[in-house]
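Starting off, we have a lone chain in the form predicted alone, written out as structure tokens.
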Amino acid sequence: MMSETVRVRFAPSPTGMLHLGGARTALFNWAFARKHGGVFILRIEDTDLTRSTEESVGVILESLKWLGLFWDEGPEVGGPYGPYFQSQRLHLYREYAEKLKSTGFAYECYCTPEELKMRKEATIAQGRSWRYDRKCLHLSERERRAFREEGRKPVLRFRVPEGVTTFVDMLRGEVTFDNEELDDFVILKSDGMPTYNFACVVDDALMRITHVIRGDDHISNTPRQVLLYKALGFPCPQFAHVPMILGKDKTRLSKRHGSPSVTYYRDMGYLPEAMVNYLARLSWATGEEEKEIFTREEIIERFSLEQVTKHAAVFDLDKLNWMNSVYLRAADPLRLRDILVDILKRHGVIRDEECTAEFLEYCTKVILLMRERIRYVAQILEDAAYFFTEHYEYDPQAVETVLCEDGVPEVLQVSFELLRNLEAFDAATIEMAIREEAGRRGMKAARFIHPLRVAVSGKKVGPGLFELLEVLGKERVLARVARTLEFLKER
């Protein structure tokens, strides 16, 4: 157990959905806090006022709640180190910026973007690499006043000292940057808004963050932040930079690899415990290579940053689908039914007033019949929409290879009469009646089974036919067989 209370944070920018990479970072922070009896903090980094939206904040909170990654401090729950929105902490950034300015660690820069661009291009044209040339480092008060009278608003730059900056990464060990690679970076923009590195340091320090666990795309920010901690007299947290999640083509995860947003998977009927299990296994090697399925409790119990690999993780939709199918088979059918009903409503298949007790019972039967065949709940609507509409189309190949065979209209007519006369309409009774009828006619049962499947579903493949007929019910089945006979007559 660590001697001090572990305090970690997840700090997303509300400029869109919560993506899988961010969700995995949140999960690692959450698991680390729970493992060590610590505190998991949610902070919203919304200083980009033009791109940040309340809608995105809502989506991020919803996504974390759906995953079960509940925070101990932050929006909606409060805490001793709030506010937890950066846009409400601007007075703090200005206070600490003034401190850096008064101690000589920061200075005003009046260079315009156009001037900087010209000087950068001239430097590169001479074959040299560009870093800010400190033109404004030693401005006199008279020069500053002249710039202000021109209407120029300064940015505040941090003065990077000479030498090197070293920090210890919990995954990589000691990491050293030459300070020459870090030019005097901006900490306050001309509109008074803080930059990421500055606001992040002030917030992490004031919120008593002990461990910063984030994506390794931030590793180049860390030396700048270490310099800011030292200049402000704050203790440095420990850093752990976890690897990125890539697509199978080894490029950064994006929409072309399957949607990267958490809400997409929620809305498609993936289960949150499956998603948490899958995300946890991206770059986390437990040493139990044969074990793939981990409960939330097992993730907390086993999680260790020392077991997080340094190489990038590859997002594999097939693996996620397999894992989700394992959880679907073990889930409460009523829970899956409710997910299915939500999907049907979102897709406009049903309205609230149509969700009668009878319809809910029907949906439960559909789930029980289909859950061994699906990888996510919305797949029922994709592969078996015939459960919820009478206007399904016949698969053209099924028409040609099944319905257009000789004798099919006669077989369907016999099936219609046979099914109509059944008193009980359960799978066992239906199967016995059809097999007996086929036997009496010296035919294989398949001669009845295949046309009936296409007639009631439009497809050549699906769940067991007799169970399918039972779920659809006698009235619906007879209407569909009659419709198919009419279809064949018109052809």
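Note that the coordinates shown come from a computational prediction; the quantities given were computed from them, not determined experimentally. Residue positions are given as counts along the sequence shown, with the first one as 1.
Heads up, the form predicted in complex with the RNA isn't pictured, but that's what we're talking about next.
### Task
Tell me, please, which stretch of 418-426, 31-39, 54-62, 448-456 lies within 4.5 angstroms of the RNA in the model of the complex when heavy atoms are compared?
Only one stretch passes the 4.5 Å heavy-atom test: 448-456.
### Task
Have a look at G163, G233, G287, G104 for me and say which one sits with a heavy atom within 4.5 Å of the RNA in the model of the complex.
Residue within 4.5 Å of the partner: G287.
### Message
By the heavy atom within 4.5 Å rule, which residue out of H91, R351, K250, H391 makes contact with the RNA in the model of the complex?
### Response
None of the others qualify; the residue that does is K250.
### Message
Residue-level contact is defined here as any heavy atom of the residue lying within 4.5 Å of the RNA in the model of the complex; does Y327 satisfy this criterion?
### Response
The answer is no: Y327 has no heavy atom within 4.5 Å of the RNA.
### Query
Is R441 one of the residues lying within 4.5 Å of the RNA in the model of the complex, judged by heavy atom distances?
Heavy-atom contact with the RNA at 4.5 Å: absent for R441.
### Task
Look up in the model of the complex whether P113 has a non-hydrogen atom within 4.5 angstroms of the RNA, and give yes or no.
Taking the distances in the model of the complex, the answer for P113 is yes, it comes within 4.5 Å of the RNA.
### Task
Classify S283 as contacting or not contacting the RNA in the model of the complex by the rule of any non-hydrogen atom within 4.5 angstroms, answering yes or no.
Yes - in the model of the complex, heavy atoms of S283 and the RNA come within 4.5 Å of each other.
### Query
Who in 313-327 is close to the RNA in the model of the complex, meaning a heavy atom within 4.5 Å?
Contacts from 313-327: A313, V314, D316, D318, K319, W322.
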